[in-house]
Ligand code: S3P
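Just one chain is shown here, as structure tokens, and it is the form predicted on its own.
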Amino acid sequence: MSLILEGFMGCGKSAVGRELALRLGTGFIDTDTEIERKQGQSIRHIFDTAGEEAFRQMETAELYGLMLDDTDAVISLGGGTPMRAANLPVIKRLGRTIYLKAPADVLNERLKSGTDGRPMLSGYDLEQRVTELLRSREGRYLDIADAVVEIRDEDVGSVCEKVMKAYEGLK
């Protein structure tokens, strides 16, 4: 059974996921990174040339590939992955999902250093866009989560401890 991390951009899914994989002695898969590797281009470039819908189809294909591969790992989902209804049963089948829930002010602080690689944020007023997207995604994040780990200013190690405790409670 895989441990799946979901949450908004900037909540720490990738950093926490890498550390969790080390602690659990398992592989780590970042779905965004895998899409970039397989496509040979950045997510930004995919959005610019093929559009968001094409990228979302790639996310779904990546999830189905993980399901068929049937290897347990720590999986970090892209922030918008749970928003596509077709992804929900696949995510549930892959393992247990933990929502890294960070408030908008924390996300804004983490994301203000740059939105170039985040096409869903670039070209917008950051605080307004984060608030808007978070509001639209929050319900789905909560619906699909098997557990919620609230984060604020903790370091990666502290968040990992919280996630490990939540994950142990799900087994």
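Each residue number is its position in the shown sequence, starting from 1. As the structure is a prediction and not an experimental result, all values here were calculated from the model.
Below, we turn to the form predicted in complex with the named molecule, even though it does not appear here.
Student: 39-47, 142-150, 100-108, 64-72: which one contacts the named molecule in the model of the complex at 4.5 Å, heavy atom to heavy atom?
Tutor: One stretch meets the cut-off, namely 39-47.
Student: Would I29 sit within 4.5 Å of the named molecule in the model of the complex, counting heavy atoms only?
Tutor: Contact check for I29: no, nothing within 4.5 Å of the named molecule in the model of the complex.
Student: In the model of the complex, is there a heavy atom of the named molecule that lies within 4.5 Å of any heavy atom of M9, even though the partner is absent here?
Tutor: Yes, contact at 4.5 Å.
Student: Find out whether any non-hydrogen atom of M120 is located within 4.5 angstroms of the named molecule in the model of the complex, and reply yes or no.
Tutor: Yes - in the model of the complex, heavy atoms of M120 and the named molecule come within 4.5 Å of each other.
Student: G95 versus the named molecule, in the model of the complex: is there a non-hydrogen atom within 4.5 Å?
Tutor: No, G95 stays farther than 4.5 Å from the named molecule in the model of the complex.
Student: Looking at the named molecule in the model of the complex, which residues in 128-167 have at least one heavy atom within 4.5 Å of it?
Tutor: Counting only heavy atoms within 4.5 Å of the named molecule in the model of the complex, the single contacting residue of 128-167 is R137.
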